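Single chain ahead, written as structure tokens, the form predicted alone.
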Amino acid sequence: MKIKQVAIVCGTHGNEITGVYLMKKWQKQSQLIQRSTFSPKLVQGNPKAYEINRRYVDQDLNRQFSATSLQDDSLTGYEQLRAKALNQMIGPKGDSKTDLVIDLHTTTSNMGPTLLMPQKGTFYNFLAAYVKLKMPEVTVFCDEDHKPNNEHHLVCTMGKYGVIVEVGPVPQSVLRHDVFEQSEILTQHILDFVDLYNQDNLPELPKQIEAYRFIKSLKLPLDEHGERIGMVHKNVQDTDFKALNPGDPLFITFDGEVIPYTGEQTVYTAFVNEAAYYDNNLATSLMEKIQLDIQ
């Protein structure tokens, strides 16, 4: 399948402003995102949340795109209605007019430039391999890619294909030159890939690449009332995509008790101490390291 329509969504979260300023740049210099074989469209995901400098108004927009939620007329919060409007503009999910959705995000976690892929398939493998070839510092994150697309609740799953550009660390509502630059370069590599893919003109790609697959999320230490009693251990802070071994320090209570990781196998962390996840008391995601076969 050739990729003819590409949507670049910026500002899905209102206080992740890097994407919004990239959008403003590309609106003025549209040649930067133009390619010969497809038409790009820039979309601001959540303008109201951006105006009030918050992640969202009522609900997280990036959790509203399961097929069930999109079809539920009883969901009438601002982001729930915004999701339905975006689905008409970019989708509709399951029969989308948009071949590829690229959703731009930043994180307070020390993840560097990361390519998140919520689905499996040859297109995604080729894309990941091309990006790693051009930008070796990118981490490839397979995010619940076992799920059917209809069950995914992410903005990018409105398209026939969809990926997330996730770069950090950067505080919420702050611009950092390195994060801005990495976000732009990674997006440009994705656009270059699509153009070459459409022309059957991809370079020779590696046979295998390293990637990480989501296992589960861990919560901060809580008491029986749901109150936090500890925090992420300093040995884990800023160690995204690094090994966490059984017995390694994971949390420390406010009384100084170290809580170790009690799993039976080595895992890898991501979204470590992400500020936006504190409303759910999430401390980190755990990943397994995998090899993607590029065929």
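Residue numbers here begin at 1 and follow the sequence given. Keep in mind the model is a prediction, meaning the values are calculated, not measured.
The following text describes the form predicted together with another copy of the chain, which does not appear among the structures shown.
Query raised in the report: Using heavy atoms and a 4.5 Å limit, would one call residue 273 a contact residue for another copy of the chain in the predicted complex?
Result: Residue 273: contacts another copy of the chain in the predicted complex.
Report task. State yes or no: in the predicted complex, is some non-hydrogen atom of residue 69 no more than 4.5 angstroms from a non-hydrogen atom of another copy of the chain? Result -> Because no heavy atom of residue 69 falls inside 4.5 Å of another copy of the chain in the predicted complex, the answer is no.
**Report entry** Heavy atom of residue 176 within 4.5 Å of another copy of the chain in the predicted complex
**Finding:** Close contact exists here: in the predicted complex, residue 176 approaches another copy of the chain to within 4.5 Å, heavy atoms only.
Query - 4.5 angstroms heavy atom contact with another copy of the chain in the predicted complex for residue 188 - result: The answer is no: residue 188 has no heavy atom within 4.5 Å of another copy of the chain.
**Report entry** Interface stretch in the predicted complex with another copy of the chain - options 261-269, 240-248, 34-42, 49-57, non-hydrogen atom within 4.5 Å
**Finding:** Only one stretch qualifies here: 49-57.
Query raised in the report: Among 108, 119, 139, 98, which has at least one heavy atom within 4.5 Å of another copy of the chain in the predicted complex?
Result: By the 4.5 Å heavy-atom cutoff, the listed residue in contact is 108.
Query raised in the report: Of 195, 144, 181, 151, which one comes within 4.5 Å of another copy of the chain in the predicted complex, counting heavy atoms only?
Result: Comparing distances to another copy of the chain in the predicted complex, the residue within 4.5 Å is 181.
Query raised in the report: Taking another copy of the chain in the predicted complex, which residues along 17-41 bring a heavy atom to within 4.5 Å of it?
Result: Contacts from 17-41: 17, 21, 24, 25, 29.
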